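Just the one chain here, the form predicted on its own, laid out as structure tokens.
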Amino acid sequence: MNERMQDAIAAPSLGEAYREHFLIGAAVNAYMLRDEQYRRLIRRQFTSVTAENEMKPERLLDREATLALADPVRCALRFDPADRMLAFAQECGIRVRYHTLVWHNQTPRWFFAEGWSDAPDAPLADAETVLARQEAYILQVMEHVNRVFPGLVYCWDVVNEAVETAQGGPDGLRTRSLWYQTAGPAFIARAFRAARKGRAEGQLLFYNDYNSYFPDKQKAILKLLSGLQAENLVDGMGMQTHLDLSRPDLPAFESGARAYAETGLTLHVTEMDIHCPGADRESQAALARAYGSFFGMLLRLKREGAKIGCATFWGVTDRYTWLRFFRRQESYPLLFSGDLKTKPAFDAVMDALKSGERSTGPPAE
């Protein structure tokens, strides 16, 4: 596929190459951390990690222990899977993006139900109860992480994917969300207020969403961010970046990134991959060109003053890409092959640095 393919563990480090520009991250999961080769690759190549699933509410919430508490607001949490990932990052000296505190998906219905009931038709709790549970949950998570792993998490995805637009309600919000159905739009600002209360010094608070550069969705997100900024509740915008090689639409992404940068918020590319259905030389060469253009664009924006702090790939190698399950077809969207070799896309991202365009100052995080 590439004459310069190398062992990814022995190859030059992406994270080190980009250190003066922005952090280079990857989404990791428990399967990877059980494989020593993956552990070494992550340690070598990345300066930031995000848990693919292990820090989402459904992985932390413990219903049986919650029932034993007999408390209508405070829930019980199990931190073992998250702690294993945090301990790995701490051991490697890699910083952590915490993903995610509040999301309509991967949060069990019983969290919203009266009496923590898991019956499918159980009545939902009233707004103030749900908002109190939300705050208690956020503060419990942040207290644990910051106490056990001080200084490790540098930012939190506080609210994820609250905007839907086409099917959404007022201001384009996702009305099908149980957060919205129980607490209305107030859950967003209340989540950020709780996170402001619970964060440690220097930690940044992010809103994160997909298709955030689509014009109608961008308009709704900018309005949401403006309201949060008015209360000094949000520090950054996370742009999920699941692109398709057949229509990567990089100019539209750049336009959206500029609009968010103009708010003064820190910008993170949070879930980067480019769907590529072929492993053949031609397909992977096209993927490399797309990645080279994308990272050249990020470096240009950073040089022009945008506060770009991190670019996170959603995965480490093609072997574990989520796209294969999401799309139900083959996909080879990342910089490293399933046999832990560099791909042409890796070289393209490295080569983007050779343009001579240098950003000023340290990463904005």
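One-based numbering along the sequence shown. These numbers were taken from a predicted model, which means no experiment stands behind them.
Missing here is the form predicted together with a small molecule; even so, the following discussion is about that form.
Contact with the small molecule in the predicted bound form, defined as a heavy atom within 4.5 Å, is made by all three of Lys56, Gln106 and Trp314.
The closest non-hydrogen atom of Gln240 lies within 4.5 Å of the small molecule in the predicted bound form. The closest non-hydrogen atom of Asp318 lies beyond 4.5 Å of the small molecule in the predicted bound form. Under a 4.5 angstroms non-hydrogen atom cutoff, the small molecule in the predicted bound form has Glu161 among its neighbouring residues. Contact between Arg97 and the small molecule in the predicted bound form is not found at the 4.5 Å heavy atom cutoff. Stretch-level contact check against the small molecule in the predicted bound form with heavy atoms at 4.5 Å: of 48 to 56, 295 to 303, 66 to 74, 329 to 337, the positive one is 48 to 56.
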